[in-house]
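Quick heads-up: it's one chain on its own, the form predicted on its own, in structure tokens.
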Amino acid sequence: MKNTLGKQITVYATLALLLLFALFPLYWMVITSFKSNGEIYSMTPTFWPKEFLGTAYDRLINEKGFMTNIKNSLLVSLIVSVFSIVVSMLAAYAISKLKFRGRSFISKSILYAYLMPRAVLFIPLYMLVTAIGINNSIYGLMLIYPTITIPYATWMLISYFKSIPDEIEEAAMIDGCSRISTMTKIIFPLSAPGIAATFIFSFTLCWSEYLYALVVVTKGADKTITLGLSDMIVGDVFAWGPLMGGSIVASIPVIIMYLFTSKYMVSGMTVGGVK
């Protein structure tokens, strides 16, 4: 009994230390965003602000135009993620559930497309958006980002659709469902956890993307949050207060999305579905 209690105490103490280690950078960002410049650059670090100041957030909103960056990133990430999920659901269903020649080759090609380094693609993609006339705008990013999200989302959903037993689909067809009805009324609802998780990861990919945004967008009014944060670094001078405040604000939409969709991210919805 004592050995079991001692092991539990050791496990919980280790977990508490690891949690503290993981959360400390976030804590430091929060308190730094409320410090004065003198306290931030002090030779003696303080683990609690001597005085809570909102100067950094005031600069973010009124001087840096960071809310415009947030709006641009939200617009691009949501539109691209929704479009990517719709396309990827159809593609993943066809690859995982239909039998046709070249299915394995297409599946592997999607994976290879996702693994292609972005540094190799940004020049031809920039030439494409320039030729179309949508460079230096968020519309250029809306065209480019699906090249990242669609291969990723399709590959993830292929694995999830394959985990759904074929007997469920066959039973629906015996009951009179067409292929489209089976797909929309059976497969997609059962795949809600995988679709929700893939949507979140696709959104996060767009939200945190920097290289393509840096190449395509140079106009301040169309810059995303990653560019807005990078603009706070001028040479070797770091505006630590606004930079930390901007990082905190930029993480809030993603955290909210994880909180609201976490109930859908459960596996095993098809357990017991085959009778």
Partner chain sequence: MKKSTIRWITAVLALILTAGCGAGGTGGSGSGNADPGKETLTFWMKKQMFEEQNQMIQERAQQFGEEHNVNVNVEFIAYEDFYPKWSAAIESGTTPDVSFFGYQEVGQFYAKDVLEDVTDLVGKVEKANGEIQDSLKASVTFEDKLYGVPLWTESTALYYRKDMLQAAGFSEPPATWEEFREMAKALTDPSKGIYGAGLGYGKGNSDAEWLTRAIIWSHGGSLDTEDGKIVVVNTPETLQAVQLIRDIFIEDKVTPPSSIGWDDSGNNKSYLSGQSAMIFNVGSLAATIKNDNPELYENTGIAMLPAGPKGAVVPGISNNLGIFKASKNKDLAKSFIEYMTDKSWYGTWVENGAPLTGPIYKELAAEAVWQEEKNKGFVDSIAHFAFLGYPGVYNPKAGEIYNLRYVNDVFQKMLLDSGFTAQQAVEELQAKIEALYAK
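The structure presented is a predicted model; accordingly, all values stated were derived computationally and were not measured. Residue numbers count along the first chain shown, from 1. Basically, rigid core = biggest C-alpha set you can superpose within 1.5 Å across the two forms.
Below, we refer to the form predicted together with the partner chain, which is not included among the displayed structures.
Asks: Against the partner chain in the predicted complex, would N37 count as a contact residue? Criterion: heavy atoms within 4.5 Å.
Replies: Within the cut-off, so yes.
Asks: With heavy atoms only and a cut-off of 4.5 Å, decide whether L214 touches the partner chain in the predicted complex.
Replies: L214 belongs to the contact set for the partner chain.
Asks: Answer yes if any heavy atom of L78 is within 4.5 Å of a heavy atom of the partner chain in the predicted complex; otherwise answer no.
Replies: Yes.
Asks: Can any non-hydrogen atom of D236 be found within 4.5 angstroms of the partner chain in the predicted complex?
Replies: Yes, contact at 4.5 Å.
Asks: If we check the partner chain in the predicted complex, which of the residues in 104 to 143 reach within 4.5 angstroms of it by a non-hydrogen atom?
Replies: Stretch hits, in order: F122, I123, Y126, M127, T130, N135, N136, Y139.
Asks: Classify I40 as shifted (yes) or not shifted (no) between the shown form and the other one, where shifted means its C-alpha moves by 2 Å or more with the rigid core superposed.
Replies: Moves: yes, 2 Å or greater.
Asks: Aligning on the core only, does the CA of V249 end up 2 angstroms or more away between the shown form and the other one?
Replies: No, because once the rigid core is superposed, the C-alpha of V249 moves less than 2 Å between the shown form and the other one.
Asks: Hey, does L53 budge by 2 Å or more at the Cα between the shown form and the other one once the core is superposed?
Replies: Yes; that C-alpha moves by at least 2 Å between the shown form and the other one.
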